[in-house]
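The chain that follows stands alone, in the form predicted alone, written as structure tokens.
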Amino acid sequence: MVLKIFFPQCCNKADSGLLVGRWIPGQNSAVVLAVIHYPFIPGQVKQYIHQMRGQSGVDLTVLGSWSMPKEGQEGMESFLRDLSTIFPQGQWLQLSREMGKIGFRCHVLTRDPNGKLIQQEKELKEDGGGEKGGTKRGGGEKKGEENKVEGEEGGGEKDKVIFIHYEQRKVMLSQLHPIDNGVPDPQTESQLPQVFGTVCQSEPLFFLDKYDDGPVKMTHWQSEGREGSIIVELMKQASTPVCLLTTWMLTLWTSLCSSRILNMRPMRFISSKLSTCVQLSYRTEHLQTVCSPTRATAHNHFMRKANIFVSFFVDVSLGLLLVSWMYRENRIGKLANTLVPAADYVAKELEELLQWLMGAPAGLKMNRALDQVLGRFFLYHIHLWISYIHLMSPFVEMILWYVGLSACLGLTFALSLLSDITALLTFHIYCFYVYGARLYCMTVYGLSSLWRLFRGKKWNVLRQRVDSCSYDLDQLFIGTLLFTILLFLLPTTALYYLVFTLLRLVVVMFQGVLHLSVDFINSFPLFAMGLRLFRSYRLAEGVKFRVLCEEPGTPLHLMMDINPLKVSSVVQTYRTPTYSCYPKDSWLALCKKLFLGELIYPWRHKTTKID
């Protein structure tokens, strides 16, 4: 058996006293958490450990003794050894340093069935000078020379001991994640979470150190200086009333949004299609999560709150920068003066495009009657749109001025509003696309239905399949006539559909870029990524071991370092789920919709095929 002792580096120079920690159940391992300094009263030590055991939920106990040589304390080692009768344990670790040396010795006292202590002596001398190569990863293979010593009760080969040194502060603050790749050692995988959990749950033990006035003085990671900030404490005190006020305002807002008037079907339909309304509801849910009075106990809940808060803070900061840029040097007025001429230019280009389609585009011979009807129909819509733009031109600057203020709610809100404004300004292009797509779709489905008529088949609506059917002569004659008409009209309808589909795709791509930007700001885990970049030990994927000392006659001394989580795993694990205004289709489904003339991102999904 190998006895593994996890020893904190901060206790290497601690004064003589008792080792406080925990024996890991099912493993021949011990985790040292702190050193209680001499002098102390054993009854007060027992009472303090019992109190800490109740607060932390960890089975804390006295593992043994630690002896640091000092003048006037020559008999300290034997005194600490005798304390094993006051703190009865199955195994008693007795660590001591040698005078003038960096290394220390270890004796393990075990109890026989009669309760008598039997000493198994293990000379463990640590040489702290220099590091020897090699990095052991993943849960780690540890190699060392077996320590052969002779005990008091006889000679023979004894069990070897491995000291694993760890940085207590990093282990306590880190969160161990499961390893996705590789095949780790099951025994090590079951042991490491217990070690990390023991150090993390023992946080109440670290509130008292050797500088406090009290009967018990200890050495642990906080003995070198406590982390604290007056500004942080003031912010914690001020966050409570701010969260209560924000929660009250959000309650009023949600009650207003859930009113009967706003839940009517037309209002609910319009709000579900506007990116601004979707983003507003999304941020409302985020603020409710952040300002919730419930304390985040689980790690995932805490990281979700932190990521949402940092994302909201960055979003509002970018929005304020955008507002300061827009309202400087009268950029709003310049934009308003540019908007109407730009709309006129787009309308002029569309008129020239329609005139080109009404002629002989690219030398193609079109059906002149249908070509003229469609061209004049679309030209009439363009004239209506230009009249509407010129009617609204006196109010454009005022509208843009108030729209610009919406960026104070965040950059994502401004981008969502820009997407909705783009949809309104290009509504005529959307109408052209819908008209052309519906006409083309009717032509394609009509031709496919008539083609089945020639083959003596029909579409069974009830069974959703193609069945055989017998047609008489009149039905075949009318079907042939309609098939011929639709076939010769197909090039004209297909050309108009192709042109306006390309225009629609340009608008959709621009709106898609805006939606991707909004989703990126909403979902990207900024807080988790900041931890990964600046405090990588907080998100641990595993551990790696460095050999500190490996000499003949001495045990193996390892340094346990934290292996940080990969950047891709951080994004995948802590990414916040988002909503989208449009359904997400695959490229194959999108190409199929374009070929059949179905609407891109339709308001209504087609579920059944109708002939």
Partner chain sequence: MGADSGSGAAPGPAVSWRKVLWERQPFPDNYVDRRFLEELRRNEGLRQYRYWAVVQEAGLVAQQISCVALFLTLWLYMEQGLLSPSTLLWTGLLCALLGYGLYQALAPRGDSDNHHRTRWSDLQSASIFLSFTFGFSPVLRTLTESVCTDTVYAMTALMLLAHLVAFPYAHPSPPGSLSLNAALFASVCLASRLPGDLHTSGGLDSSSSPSSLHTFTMLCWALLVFALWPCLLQRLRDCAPWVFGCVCVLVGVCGVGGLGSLWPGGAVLLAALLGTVTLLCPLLLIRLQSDKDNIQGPWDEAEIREDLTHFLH
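Source: prediction; values computed, not measured. Throughout, rigid core stands for the largest set of C-alpha atoms superposing within 1.5 Å between the two forms. Residue numbers count along the first chain shown, from 1.
If you look for the form predicted in complex with its partner chain, you will not find it shown, but the lines that follow are about it.
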{"item": "Segment assignment from 246 to 254, 363 to 371, 528 to 536, 503 to 511: heavy atom within 4.5 Å of its partner chain in the model of the complex", "value": "363 to 371"}
{"item": "The unique member of 488, 380, 402, 388 whose heavy atoms fall within 4.5 Å of its partner chain in the model of the complex", "value": "488"}
{"item": "Interface residue in the model of the complex among 454, 207, 79, 269, criterion: non-hydrogen atom within 4.5 angstroms of its partner chain", "value": "454"}
{"item": "Contact of residue 474 with its partner chain in the model of the complex (heavy atom, 4.5 Å)", "value": "yes"}
{"item": "4.5 Å heavy atom contact, residue 482 and its partner chain in the model of the complex", "value": "yes"}
{"item": "Contact label in the model of the complex: residue 478 to its partner chain, heavy atom within 4.5 Å", "value": "yes"}
{"item": "Exceeds or equals 2 Å, Cα of residue 169 between this form and the one not shown, core fit", "value": "no"}
{"item": "Is_shifted residue 454 between this form and the one not shown (CA, 2 Å cut-off, rigid core)", "value": "yes"}
